[in-house]
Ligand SMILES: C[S@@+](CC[C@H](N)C(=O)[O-])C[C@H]1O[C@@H](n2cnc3c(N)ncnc32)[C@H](O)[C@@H]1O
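Next up is one chain by itself, shown in structure tokens, the form predicted alone.
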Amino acid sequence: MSDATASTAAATASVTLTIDQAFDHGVRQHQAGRLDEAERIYAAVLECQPDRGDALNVMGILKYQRGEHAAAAALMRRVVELEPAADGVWNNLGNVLLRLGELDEAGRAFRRSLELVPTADAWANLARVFRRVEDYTHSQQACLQALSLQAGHAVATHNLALALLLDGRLDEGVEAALQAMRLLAPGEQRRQLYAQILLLAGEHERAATILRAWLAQEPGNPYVVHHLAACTGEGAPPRASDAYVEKVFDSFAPTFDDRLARLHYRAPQVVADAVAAALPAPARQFDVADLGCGTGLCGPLLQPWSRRLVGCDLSGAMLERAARRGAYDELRKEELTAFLRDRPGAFDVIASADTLNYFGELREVADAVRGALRAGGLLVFTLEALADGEAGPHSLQDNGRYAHGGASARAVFEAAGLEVRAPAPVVLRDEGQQPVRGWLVVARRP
């Protein structure tokens, strides 16, 4: 097949290339982040050479990047069937299996990679398997093996920090975390795990140490600024900044649905049930807005009532996934209050599941909702609830979201001119093996 050719129709060019040239071009597109283009080229190459290992491997990596983990695993398993000594592919397969939660299989893949060629990367990845099964001692040992092969290995140092922190060795863990932060690439979000573990342990001052060091490395980073305020209680903003929301949810997008499924996420169904109880039988008769639509989990649930269904969100990566569901007539990358203000009297129904958790002050949202609803229009949304005994209308929590008092939230929307039913207590999801309590709020414009 060395003289076989592949049309670069897959590469949006009218030139004809050899298979190897097409493959190399696909890799360049992949490295440049043009995944759709790369996937078309890889598919064309594999059509000509179905058992080409390097093409199967990079297609598997691409599928992994898209969040298509089962497809990625199947491709990589095919590679190691064809090339059992491909140590790097065994390592890649382990990463995919780890994401799928197949821990035993992931561990076997990493060990096979290490049998073939001992590398710091494979040891660091095996450390993740041990950590997932809460074997922190062996996780630390695997990290030390990685560091013996490659001093200053960023991921191994990161995994060592996590294993130490989770093992309760906090001083050593913080020291390793600070070292890892110096080694990790700028913008590497995995730093957030150190502060999260410390906050769950009630170690606010140590968490603040991590966040301040991170902020010194990346001044103005919206994630760090927001969480440092949440951690210390100093300078808490009235709402999460647009930059923070976009950054967080762009990074969450590839794994968002899988994560929420593991947390038994209920908010979209809670909202949809409330919409069903408040509206007549569905007949595609209303103009509906889904605020903070994310990956579109509410879309199929709201679609039966929707003559027109519009979703808005600040995260472009989330909107890409929402578009794949095919439920929305329009998707807008906009901040939700601006979105509503630009559409006076545009909607019969406005729904929002777990989005107003990123607002402390709700008055601007309430005013914007009233303006965008038609007379008799329906509003349904959820909020997280303040802890029992916690005072104040709202509070910025350690997790970066705001919790609200039900009565105070009701008062804000009533002051905006809406008729608000008494907020109903609901469970939104599980987190840390505990239910996250919230409020379901249903209101109408008179």
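Not measured: the values here are computed from a predicted model. Numbers follow the displayed sequence, beginning with 1.
Separately, the form predicted together with this ligand exists; it is not shown, and the next lines address it.
With the partner omitted from this view, the residue of 369, 322, 245, 142 that lies near this ligand in the predicted bound form is 245 [heavy atom within 4.5 Å].
Checked against this ligand in the predicted bound form, the candidates 92, 113, 315, 157 yield a single residue with a heavy atom inside 4.5 Å, and that residue is 315. Residues placing heavy atoms within 4.5 Å of this ligand in the predicted bound form fall in a single listed stretch, namely 249 to 257, out of 249 to 257, 147 to 155, 131 to 139, 191 to 199. Contact with this ligand in the predicted bound form holds for all three of 268, 293 and 335, each having a heavy atom within 4.5 Å. The closest heavy atom approach of residue 298 to this ligand in the predicted bound form falls within 4.5 Å. Heavy atoms of residue 353 reach within 4.5 Å of this ligand in the predicted bound form, making it an interface residue. Remark: residue 358 counts among the residues lining this ligand in the predicted bound form, judged by a heavy atom distance of 4.5 Å or less.
Under a 4.5 angstroms non-hydrogen atom cutoff, this ligand in the predicted bound form has residue 239 among its neighbouring residues.
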